[in-house]
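In structure tokens, one chain follows: the form predicted alone.
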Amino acid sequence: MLNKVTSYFLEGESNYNVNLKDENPSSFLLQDNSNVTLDLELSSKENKIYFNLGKDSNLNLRIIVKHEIENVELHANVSRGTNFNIYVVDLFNNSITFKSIVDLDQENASSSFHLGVLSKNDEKKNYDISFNHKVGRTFSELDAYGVSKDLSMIKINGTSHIFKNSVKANANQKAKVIVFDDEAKAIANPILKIDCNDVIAKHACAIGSLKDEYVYYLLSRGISLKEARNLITLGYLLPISKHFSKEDEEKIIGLIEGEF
């Protein structure tokens, strides 16, 4: 038996705040010529979310992952002249699998996925982010930053697929993760599938431990080890907070500072 799909319609110059309280799939339809910011609160363990974005529009989706979230599956279709920006902050004590698939279906469609993630204890946080450039003159960007500590693991898979005849498509990926402790782990897999010439496709990936010289420099300025780790973490994870409301930005800063 199929679960009931809950549908939402987004339009105009608007800010929406939606709380998805159950595990039924949710569908969002963005009308043509709209400019919308959507703050999405996820309140169930399992989440399947579908987006269909009309033409010549802009949608900024903002998600702060909460404790109880275990799985998120996001699918989106982006039409001509439309931009879909996704901002995800994941700082709470939980393991999660987050899968995002965005289909760029028409020319001048674009999408970006911005991630700030912190893992600790024995958590496992898996992010699988895909963009499908089905036609030419489309743009995608993955911008992910993470900090892994204790016995935890962060895994980020980024897949950009430029289909045949998708001339002038442009795909960019960037993933950087700091591993704070010897037993912590981080994995980043940048994947570019290129089936067309005359495109731009690039990726940057960096995984490394906390640099001793950074810590020593801060310690030499009279900053404690706890404060030094906190400052370095803030520097890595703070940039994404600027895309959220002032209230949520303060909440994000408080969550980061509370970890150290």
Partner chain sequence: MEKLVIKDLCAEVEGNQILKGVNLTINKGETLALLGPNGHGKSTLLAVLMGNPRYKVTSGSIEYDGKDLLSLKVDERSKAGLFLAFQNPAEIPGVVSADFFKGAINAHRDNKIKLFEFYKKLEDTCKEVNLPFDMVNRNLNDGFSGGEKKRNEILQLLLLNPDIAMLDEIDSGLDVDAINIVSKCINAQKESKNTGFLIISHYARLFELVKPDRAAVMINGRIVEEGDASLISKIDNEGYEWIEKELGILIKKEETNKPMNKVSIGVCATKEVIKDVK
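Numbering follows the first chain given and starts at 1. In this text, rigid core is short for the largest set of C-alphas that superpose within 1.5 Å between two forms. Keep in mind it's a predicted model, so treat the numbers as computed, not measured.
Here the subject shifts to the form predicted together with its partner chain, a form of this protein not shown in this document.
Undergrad: Considering its partner chain in the predicted bound form, which of S44, S27, S224, N35 comes within 4.5 Å of it through any heavy atom?
TA: Contact with its partner chain in the predicted bound form is made by S224 alone.
Undergrad: 27 to 35, 61 to 69, 44 to 52, 226 to 234: which one contacts its partner chain in the predicted bound form at 4.5 Å, heavy atom to heavy atom?
TA: Among the candidates, contact is made by 226 to 234.
Undergrad: Within a 4.5 Å heavy atom cut-off, is I101 in contact with its partner chain in the predicted bound form?
TA: It does not: once its partner chain is placed as it appears in the predicted bound form, I101 has no heavy atom within 4.5 Å of it.
Undergrad: Give a yes or no for N126: in the predicted bound form, does one of its heavy atoms lie within 4.5 Å of a heavy atom belonging to its partner chain?
TA: The answer is no: N126 has no heavy atom within 4.5 Å of its partner chain.
Undergrad: I'd like to check something about L219: if you look in the predicted bound form, is any of its heavy atoms closer than or equal to 4.5 Å to a heavy atom of its partner chain?
TA: Judged by the heavy-atom cut-off of 4.5 Å, L219 is in contact with its partner chain in the predicted bound form.
Undergrad: Any of the heavy atoms of K185 lying within 4.5 Å of its partner chain in the predicted bound form?
TA: Contact with its partner chain, yes.
Undergrad: For A206, does the CA position differ by 2 Å or more between this form and the one not shown when the superposition is done on the rigid core?
TA: False for A206: its C-alpha shift is below 2 Å.
Undergrad: L192: after superposing the rigid core, is there a C-alpha shift of 2 Å or more between this form and the one not shown?
TA: No, the C-alpha moves less than 2 Å.
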